[in-house]
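Let's start with one chain on its own, the form predicted alone, as structure tokens.
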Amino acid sequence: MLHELEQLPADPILGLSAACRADPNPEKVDLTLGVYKDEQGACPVFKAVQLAQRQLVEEEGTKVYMAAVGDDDFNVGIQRLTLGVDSSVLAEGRVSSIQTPGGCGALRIGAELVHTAAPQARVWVSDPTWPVHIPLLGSVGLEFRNYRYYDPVTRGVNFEAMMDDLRGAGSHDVVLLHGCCHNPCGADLGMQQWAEVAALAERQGFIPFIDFAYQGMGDGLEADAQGLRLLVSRLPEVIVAASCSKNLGLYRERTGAAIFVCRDAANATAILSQSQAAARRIYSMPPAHGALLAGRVLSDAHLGSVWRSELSTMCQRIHRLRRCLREALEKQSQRNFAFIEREKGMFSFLGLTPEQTRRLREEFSVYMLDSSRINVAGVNAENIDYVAQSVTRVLAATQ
């Protein structure tokens, strides 16, 4: 039976990252994989996480399974972080959450509940979106529709087209939104646009499903959550897939949460039971280590303060990298790259063709996706001029 299966092509992102690692060129630059890197090109461990880990190692007395819902401190902390400490829906008991294996697990749990509630539901996804959204949500049997989002001409959100498309979303549909730091384009909605999305959801009855993987890496923890919180304040039901991979650096620990804002407290209890049943049939029990660390950081005043300071420094560095990359590209190419500085988070499209990105890889060992999506955090003081020079040479050769 198994011998009949064919070999699949490499994942488009992971495959390119592997090719970069194998490249012998000492000047190679990896702008593919979506992880934060410091000036030395390493993905660092937060000091707050290191402190929490030392405490956990000293105090942990068992490795027994966690409850299906996960760590209490983590669930409380992630709800408050995402929705706000003073959130009215928290005070009303309208929220339930379940710890998941990363943001991917949260997306899958959300999809499971949507399919259980409405098997005919359609999921509306932005064009473009993170490629893994489709297999994660679609593997439960949900249908997809695209809505226009990014305009490659203006290098921003095509909001009029987006709203025009979403007028086709109905009361048994889900609209997948990027809460901040859109992956892959970096172009985010403004608050007035979030308000218009909320009004459309009120009129048409669709449920926003928000992928919230980068809180704190755009404009800061509170600012990045404002759009999400606006929807929560106005709508009876919202689903959030939260991740601690980026803003707590817990990538390999697979730490996330599926958060459900429900119509009332009784419904929140029912949804929690459905979430636990979905988890049981997919992965049974959640991984412990990362959530125990995150729960400590989110519940301890000192650890929380250390973490917030670290995250703020990381966010400021991303802003600085965007400015420096824009300046380097404009100096080398004499072209306008102002859009890079307007965008949020780690990702940006450079506006190159697939042929140009292949030339960058083959001739200069500068690795980015065929779409020209780059991870801005892969740039540093040592390689920024080389990246700008390489892009400029490819642009000049294909004019």
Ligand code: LMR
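Numbering starts at 1 and follows the sequence shown. Quick caveat, the model's predicted, so the values are computed rather than measured.
Although it is not shown, the form predicted together with (2S)-2-hydroxybutanedioic acid (LMR) is what the next lines describe.
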| request: Report yes if all three of R155, F339 and S372 come within 4.5 Å of (2S)-2-hydroxybutanedioic acid (LMR) in the model of the complex by some heavy atom, otherwise no. | output: no
| Segment that reaches (2S)-2-hydroxybutanedioic acid (LMR) in the model of the complex - one of 350 to 358, 29 to 37, 328 to 336, 55 to 63, heavy atoms within 4.5 Å | 29 to 37
| said: Can you work out whether R322 and (2S)-2-hydroxybutanedioic acid (LMR) are in contact in the model of the complex, taking contact to mean some heavy atom pair no more than 4.5 Å apart? | reply: no
| message | Does any part of F260 reach within 4.5 Å of (2S)-2-hydroxybutanedioic acid (LMR) in the model of the complex? Heavy atoms only, please. | response | no
| query | With the partner left out of view, is W124 within 4.5 angstroms of (2S)-2-hydroxybutanedioic acid (LMR) in the model of the complex by any non-hydrogen atom? | reply | no
| Is the gap between F74 and (2S)-2-hydroxybutanedioic acid (LMR) in the model of the complex 4.5 Å or less for some heavy atom pair? | no
| query | Tell me, which of S275, Q79, N183, Q215 has a heavy atom within 4.5 angstroms of (2S)-2-hydroxybutanedioic acid (LMR) in the model of the complex? | reply | N183
| query | Considering (2S)-2-hydroxybutanedioic acid (LMR) in the model of the complex, which of F209, W130, F206, Y150 comes within 4.5 Å of it through any heavy atom? | reply | W130
| remark: Contact check, 235 to 254 vs (2S)-2-hydroxybutanedioic acid (LMR) in the model of the complex, heavy atom within 4.5 Å, ordered by sequence, gives K246
